[in-house]
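Just the one chain here, laid out as structure tokens, in the form predicted alone.
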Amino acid sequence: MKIGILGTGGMAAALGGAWTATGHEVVIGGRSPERAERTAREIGAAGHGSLADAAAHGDAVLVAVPAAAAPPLVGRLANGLAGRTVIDCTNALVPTGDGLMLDTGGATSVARQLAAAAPDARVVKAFNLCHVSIWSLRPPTFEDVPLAVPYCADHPAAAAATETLISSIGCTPAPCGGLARAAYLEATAALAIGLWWSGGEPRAVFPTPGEVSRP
């Protein structure tokens, strides 16, 4: 699959590197040509260029920029993103005295903001729950169980493309409904990442039915 990545930071490199390693054709796009070239070189991507170049390249486009910058960026690229699967991996999290909180500017989710900014794109929420280090694992497997990747999507073709990208890096797709439910994924990120930061273990909060002891 052709994948354009908007951004040159940790998530762009980790997910872009994972997809490149499994044969996808990745192009890195950034505001800085030097950083885009460096990230592309480090992960062995097929190419690099501007943000518009990456958007135009991808059958799927990963938005890997800070959450506050994502809606205006997607809005500027809206024409080029029409008909494409646009994957939002951002988290609009801010630290407070009461732990991590969401700051989505009054919207229900960042993903819905992207969908409003580019109404002809097929926006998906995915890859937002784990730290960048998890996406650098080849593959992300824990206790012999592949990592499950929740996602929310409205369009069947976008959901299928996202499942392909999840499965190709050795993970298990976990469909969680339409984009209206993306707010739940973003809130879950605030909870889970807050637990990690405080030294907790989010997995311990969600035992599988087979692990629950019965009298």
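These numbers were taken from a predicted model, which means no experiment stands behind them. Residue numbers here begin at 1 and follow the sequence given.
Not on display, but discussed next: the form predicted together with a small molecule.
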Legend entry - Contact assignment for the small molecule in the predicted bound form, among V149, A45, V65, A153, heavy atom within 4.5 Å: V65
Inset, instruction - Identify, from the list A187, A69, A52, C176, the residue with a heavy atom within 4.5 Å of the small molecule in the predicted bound form. - result: A69
Inset, instruction - Classify N128 as contacting or not contacting the small molecule in the predicted bound form by the rule of any non-hydrogen atom within 4.5 angstroms, answering yes or no. - result: yes
Inset, instruction - Look up in the predicted bound form whether A192 has a non-hydrogen atom within 4.5 angstroms of the small molecule, and give yes or no. - result: no
Inset, instruction - Mark C89 yes when one of its heavy atoms lies within 4.5 Å of a heavy atom of the small molecule in the predicted bound form, and no otherwise. - result: yes
Inset, instruction - Evaluate G10 for contact with the small molecule in the predicted bound form, applying a 4.5 angstroms cut-off between non-hydrogen atoms, and reply yes or no. - result: yes
Inset, instruction - Report yes if all three of A21, H24 and H57 come within 4.5 Å of the small molecule in the predicted bound form by some heavy atom, otherwise no. - result: no
Inset, instruction - Specify the contacting stretch among 27-35, 179-187, 153-161, 166-174, defined as having any heavy atom within 4.5 Å of the small molecule in the predicted bound form. - result: 27-35
